[in-house]
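What follows is one chain in C-alpha cells, specifically the form predicted alone.
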Amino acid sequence: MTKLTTLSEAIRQYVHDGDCVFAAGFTHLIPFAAGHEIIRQGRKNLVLARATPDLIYDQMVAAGCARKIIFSYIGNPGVGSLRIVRQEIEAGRLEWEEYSHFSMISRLQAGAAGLPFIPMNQTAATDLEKANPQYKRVVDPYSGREVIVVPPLNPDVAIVHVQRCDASGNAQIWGIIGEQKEAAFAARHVILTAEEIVDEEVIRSDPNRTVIPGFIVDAVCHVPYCAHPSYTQGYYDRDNPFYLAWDKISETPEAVKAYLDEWVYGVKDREEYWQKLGEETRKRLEVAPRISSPVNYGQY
C-alpha cells in the first residue's frame, strides 16, 4: 500500500498546534525541510523534542512555533550557542526540560516499549536532578540500591529523514545511526522524508539495513536534499559555512526575519530552496562515491 504524499500535505495532516514533535537525526539526516514546512504552515505552541536541537529548532523558535523545548544538548554544533533558543529561555518565554543524552534516549525507549520508565545507573550528572524534577530515584527491588528513572516520551509525531525507503515506508539508514528507530516506535504518528523512493525489491535485498518498518509509518515524502545544511551520508556533505553564517544571522531579530522571509517563506518547497542555493554551493556539497562491499545473504 502506497503512503506517498507531499511534505506539505503530511505536515498539514499530522502536525497540529500544541503537538509534541520529535525531529530525529543525529549529526546527519536532520529533517530541515520538514521544519521549514511547519514554519510556512504557521504551527504554534509546539513542544519541540530532540536530543540535539541544532539550527532547525533555533529557526522554528525564531518563527514563533514553539512553547517548549526538550533536549539533551543544545548548541550550534562546532560554533557556539543557539542564540535564539537561549535568549527565549533566559527571557522566560520558552519552557524547557534538559536531560543527559542517555536519559533522553531512555525516555524514547520507554515510550517505544510502552513502559513507565527504563532504570539507569546513577551518574555524576546530579545537577540535572536538581534542575529537572522529572528525574526520580527508585529502589531496585533486587539489589536494594537506588536507580535513576525518567518518564517515557511519546511524541505526537516523529519526523525521520532517511536515505531511501519504499512507498510503504520500509526505510533504510546508513552512516551514523541516531534515535530514529526509538523515536518512530514511540511516536503516535510517523512522517518519513526520503532522498530516494525505491522499489520494495531494493529494500528486501538488504533487510538488515531497514531501521524503520512500514507498518508504523503514516506518510512517505520524497524530499531530496531535505537535511541541508546538515548532511545525508552518501548524498551531500554538511554545509559548515552555513552553520558559521547562522551564528552571525541569529545575532539580530532583523537578520533572522530577513533569512526566514527569503529562505523559508520565500520558497514554496525544498526543490526551489535547493535551486536557490546556487550551483557553487551545490557543487561544494557534492560527495564522491564510496561503495560498501556487497554481502551474500545466500539462497534458500
Partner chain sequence: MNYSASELMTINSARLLRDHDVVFVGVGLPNLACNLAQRTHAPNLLMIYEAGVIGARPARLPLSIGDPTLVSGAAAVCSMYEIFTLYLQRGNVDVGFLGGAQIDQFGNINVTVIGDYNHPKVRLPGSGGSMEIAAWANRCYIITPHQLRRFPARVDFHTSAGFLDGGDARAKTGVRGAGPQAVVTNLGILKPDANGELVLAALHPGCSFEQAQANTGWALKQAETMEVTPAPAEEDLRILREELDPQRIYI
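Keep in mind the model is a prediction, meaning the values are calculated, not measured. Residue numbers count along the first chain shown, from 1.
There is another form of the same protein, the form predicted in complex with the partner chain; it is not shown, and what comes next is about it.
Proximity to the partner chain in the predicted complex, taken as heavy atoms within 4.5 Å, picks out 238-246 from the listed stretches 59-67, 262-270, 238-246, 33-41. Not one of Val15, Asp218 and Ala258 is positioned with any heavy atom within 4.5 Å of the partner chain in the predicted complex.
When the partner chain is considered in the predicted complex, Ala113 lines it closely, a heavy atom lying within 4.5 Å. The partner chain in the predicted complex is approached by Ala51, whose closest heavy atom lies within 4.5 angstroms of it. The closest non-hydrogen atom of Thr27 lies within 4.5 Å of the partner chain in the predicted complex. Proximity of Arg86 to the partner chain in the predicted complex: non-hydrogen atoms within 4.5 Å are present. Shown without its partner, the chain has Glu200, Glu201, Ile203, Arg204, Pro207, Asn208, Thr210, Pro213, Phe215, Ile216 in segment 197-222 as residues with a non-hydrogen atom within 4.5 angstroms of the partner chain in the predicted complex.
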